[in-house]
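In structure tokens, the next block holds one chain alone, the form predicted on its own.
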């Protein structure tokens, strides 16, 4: 069963959400399209393919305090409080699918799990693909679960699919009506496409070939691709002392593309060459991820291509290796 929300009622919808939740939605800030807190529908960017940055910082914030410590006669540990209840509104299927994959990897962790449990998801289907999208190659253009509400833009209104009990209760509000007619969902094709079957095996077979050098020798390890990737979650733990007996332990983003990521005692670096670090980056997503979690740790959002300052095209590499 579907419900309908007229576009003219979007301000009322956002106001309704703001009564009980902090509303996070796409906004333009410092020249970038990001997910951020909004208080009204006027702040929300509505005409876009995808945000420049994924919403992973809402669950894995850079510089997050893991705990504070204070030493006197004994050691006192203080953990962060419970996160606020919030709604992510207008998140695309690829980013929701990324969260579902992160749930498999990080869902047992307290800090990630509490944020997920306190977050509602209102997703919106795509009606067209971006220049660098390749989500259809991996099947992450479709959303079967992981949402409370799923919106489809059909012109002057949205058709809404319910995905949770909370979403079902929300539909009782007067701005929503039961759909009397069916609608024709828009299916889109990505210009970029490859057959992903056995991609992990192909990467394993080509692990020591020169194809990596061909595609990635110009990489200079800026980590832009891992910063904008919704599936990159590597981190460092850093102790930040306030005094001799007091301080914090914080979690900062890191990346396998950095030389120091594989540095060990004795100043030995396992992956000294940049091209080897890119190979690790892609192998984690398409080889090790498949082995450990039975799915690729990529959703084809194309942000890695869009943000690379030297024009590295990861999808072209995946096409060729297939």
Partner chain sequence: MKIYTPDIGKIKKTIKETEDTKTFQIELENKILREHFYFNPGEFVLITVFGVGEAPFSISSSPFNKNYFEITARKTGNVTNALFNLKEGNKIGVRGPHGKGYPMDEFEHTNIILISGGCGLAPLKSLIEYVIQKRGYYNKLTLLYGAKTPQNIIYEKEISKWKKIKNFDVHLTVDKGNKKWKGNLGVVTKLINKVKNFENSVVCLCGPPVMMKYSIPELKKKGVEDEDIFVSLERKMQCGLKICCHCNINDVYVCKDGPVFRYLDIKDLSELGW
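Residue numbers count along the first chain shown, from 1. Keep in mind that this is a model prediction, so the values were computed, not measured.
Beyond the structure shown, there is the form predicted together with the partner chain, which is absent from this document and is the topic of what follows.
Is it true that 73, 108 and 254 each have at least one non-hydrogen atom within 4.5 Å of the partner chain in the model of the complex?
Per the other structure, all of 73, 108 and 254 touch the partner chain.
Considering only heavy atoms, tell me if residue 241 and the partner chain come within 4.5 Å of each other in the model of the complex.
Looking in the model of the complex, residue contacts with the partner chain include residue 241, since a heavy atom lies within 4.5 Å.
Would residue 48 count as a contact of the partner chain in the model of the complex, using a 4.5 angstroms cut-off between non-hydrogen atoms?
Close contact is absent here: in the model of the complex, residue 48 is far from the partner chain, nothing within 4.5 Å, heavy atoms only.
is_contact(residue 219, the partner chain) in the model of the complex, heavy atom dist at most 4.5 Å
Result no; residue 219 lies far from the partner chain in the model of the complex.
Please run the contact check for residue 113 against the partner chain in the model of the complex: heavy atoms, 4.5 angstroms, yes or no?
Result yes; residue 113 sits at the interface with the partner chain in the model of the complex.
Heavy atoms within 4.5 Å of the partner chain in the model of the complex: which of the stretches 210-218, 130-138, 157-165, 227-235 has them?
Contact criterion met by 227-235 only.
Counting only non-hydrogen atoms and a 4.5 Å cut-off, give the residues of 252-270 close to the partner chain in the model of the complex.
254, 260, 261, 262, 263, 264, 265, 270 sit within 4.5 Å of the partner.
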